[in-house]
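First, one chain by itself in structure tokens, the form predicted alone.
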């Protein structure tokens, strides 16, 4: 059910609009925005329509929520830099992902373990998780309390001024796919979380095989293939330094802290991944 908001065009309030869709208990898709009150109803309707047209559908359950954001708790931030590694096969892509995670400070066995978990289905029974795994970057131990749900990074978006500028810049760089923009925003918030070492992600959309590794130093690093075409498995992993932040503080930041990005990072030209770099 979508709540409707009636407001004055001059109302400066911001709302978090969040959508999640599932089919018979299996997660299908999700999306969210932070928008002015005057646009909240329109955006909620658009996200709901997107859920109904999801390629993995038909959705049997769609939840769309609207929540006022306390201006005192809103953080403004800069997006991470973007780089792209071109690979010939998804196997090469997974090797590249492991290598980039190691460069970020994740031990090689922990990196490979995480890659394998996403490849096999990280949820119970090999299913796709609704959220992300939380992994101790030093030991590989999984820390999320619910292995089916995991943790969801939420309440983040681009400022109204930055969105059109960034859309044009990404299109000029050949990165116009909407998944790039959404993943960049999510990775931007994740990288600012307390104790965050790195993130690994590839989509559970069978038609989208690109994924990424992100870390605070190198930014958002796209890898052009991380799974075979038609594979429905995917997900994300957050690698954390448990000595730097408590699990409670980390989850609270990821799920509750509102972040609005008002500046973009640099975009590097794509480069061919060279296996000798591993």
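Positions refer to the first chain, counted from 1. For clarity, every value in this text was computed on a predicted model and none was experimentally measured.
FYI, the form predicted in complex with a small molecule isn't displayed, but the following is about it.
Contact with the small molecule in the predicted bound form, defined as a heavy atom within 4.5 Å, is made by all three of 131, 179 and 234.
With the partner omitted here, the stretch from 164 to 172, 202 to 210, 73 to 81, 100 to 108 that lies within 4.5 Å of the small molecule by heavy atoms in the predicted bound form is 202 to 210. The small molecule is not drawn, but in the predicted bound form it has no heavy atom within 4.5 Å of residue 112. Contact annotation for residue 158: none of its heavy atoms lies within 4.5 Å of the small molecule in the predicted bound form.
In the predicted bound form, the small molecule sits within 4.5 Å of a heavy atom of residue 152. In the predicted bound form, the small molecule sits within 4.5 Å of a heavy atom of residue 186.
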